[in-house]
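Have a look below at one chain only, the form predicted alone, in structure tokens format.
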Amino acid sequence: MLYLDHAATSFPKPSTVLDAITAWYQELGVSADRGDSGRCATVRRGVQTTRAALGALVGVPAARIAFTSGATEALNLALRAVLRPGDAVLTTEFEHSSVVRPLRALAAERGVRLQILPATAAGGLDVGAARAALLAQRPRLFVFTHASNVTGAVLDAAALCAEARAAGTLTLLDASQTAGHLPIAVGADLVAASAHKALLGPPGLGFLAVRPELDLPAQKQGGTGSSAALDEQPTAWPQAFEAGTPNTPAILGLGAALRWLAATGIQERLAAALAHTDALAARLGADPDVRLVLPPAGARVPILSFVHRRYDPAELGAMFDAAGVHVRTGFHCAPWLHRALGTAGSGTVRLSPGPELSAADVQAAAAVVVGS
């Protein structure tokens, strides 16, 4: 089976990730902050190491990294902690449902006012248009994705964060598609991401990073393993945002993934995956029945979406599956962008290769469509 769905979940995981997860189940079995035994101390060191590595990626102290069940929870917690009744929010057409749906809910619940920046005709985001909207509206928050999970277009996050900062607006960056591919220390006030994509960690884990100067109220309450007998949620980070038993094996697996990535080379992996993306685009683009949905020139992540004149994306998905190629079809949880692209009816076929593909793999995948 050829696997071309890394934008959803990277696969397979490095063996060291599996080893770290298995070691917890077979040898440790405890949480970091639920006791003072030697096992707890071992797990505590592993969790702290993972937290510190993520802090280095984002550019915040380790204590300002809160582990969550995924990017979805991280984004929900951040939006609900930051936004007050009647606040204005700036966002973009590129957003994932993990941003779109919480914002729609907060608009209904708290009267939050949304302004959505459109994609340009070329498929990017105009920094000048963002600047104008920020200065005109002075919103409480600018929330945006670092890269589109439909086209692979990378937004100029550093420039957008700088414009927001100049306007006195907080920024929340969804780095789910770029963490593990690109630098994510871009000056955002809050960063959310998942572990299971290019970071090569297991599913069921994400994180929320918040700059030290920003105080946020906790959005869920529960046990944290605190040494004090408190009947109120702790306010200190990261415990304030980590109520409940943590997904410790996943945290240790992510730590192993981060070490593996550091030793292997993130830039080299991205370059290889982009080369495979280009090769797929060249092969598929030669078919006159295929319309590629491409990002503008510039930074991008290894994602290629397309539609076919004669086949629905779901039909193409069945064809790929029958040929032993795993792809993603449909809307990719990006409702606003599909409306802008004119693909809101059936969505697209999305290919997101990893670096391990061979030239023969690329040919085999393209052959499912080309000439069919």
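Values in this document were obtained by computation on a predicted structure and should not be read as measured data. One rule holds for the numbers: they count along the sequence shown, beginning at 1.
There is another form of this protein, the form predicted in complex with a small molecule, and it is not shown here; the text below is about that form.
*Asks:* Please state whether every one of the three residues 277, 291 and 305 places a non-hydrogen atom within 4.5 angstroms of the small molecule in the predicted complex.
*Replies:* No, none of 277, 291 and 305 comes within 4.5 Å of the small molecule in the predicted complex.
*Asks:* Select from the listed residues 200, 71, 252, 190 the one whose heavy atoms reach within 4.5 Å of the small molecule in the predicted complex.
*Replies:* Exactly one listed residue reaches within 4.5 Å, namely 71.
*Asks:* Would you point out which of 182-190, 168-176, 213-221, 268-276 contains residues with a non-hydrogen atom within 4.5 Å of the small molecule in the predicted complex?
*Replies:* Looking at the partner contacts, the answer comes out as 168-176.
*Asks:* Taking heavy atoms and a 4.5 Å cut-off, does residue 96 contact the small molecule in the predicted complex?
*Replies:* Flag for residue 96 set to yes.
*Asks:* So in the predicted complex, is the small molecule close enough to residue 151 to count as touching (4.5 Å, heavy atoms)?
*Replies:* It does not: once the small molecule is placed as it appears in the predicted complex, residue 151 has no heavy atom within 4.5 Å of it.
*Asks:* Is there a heavy atom of residue 89 no more than 4.5 Å from a heavy atom of the small molecule in the predicted complex?
*Replies:* Taking the distances in the predicted complex, the answer for residue 89 is no, it never comes within 4.5 Å of the small molecule.
*Asks:* Are any of the heavy atoms in residue 75 no more than 4.5 Å from a heavy atom of the small molecule in the predicted complex?
*Replies:* Looking in the predicted complex, residue contacts with the small molecule include residue 75, since a heavy atom lies within 4.5 Å.
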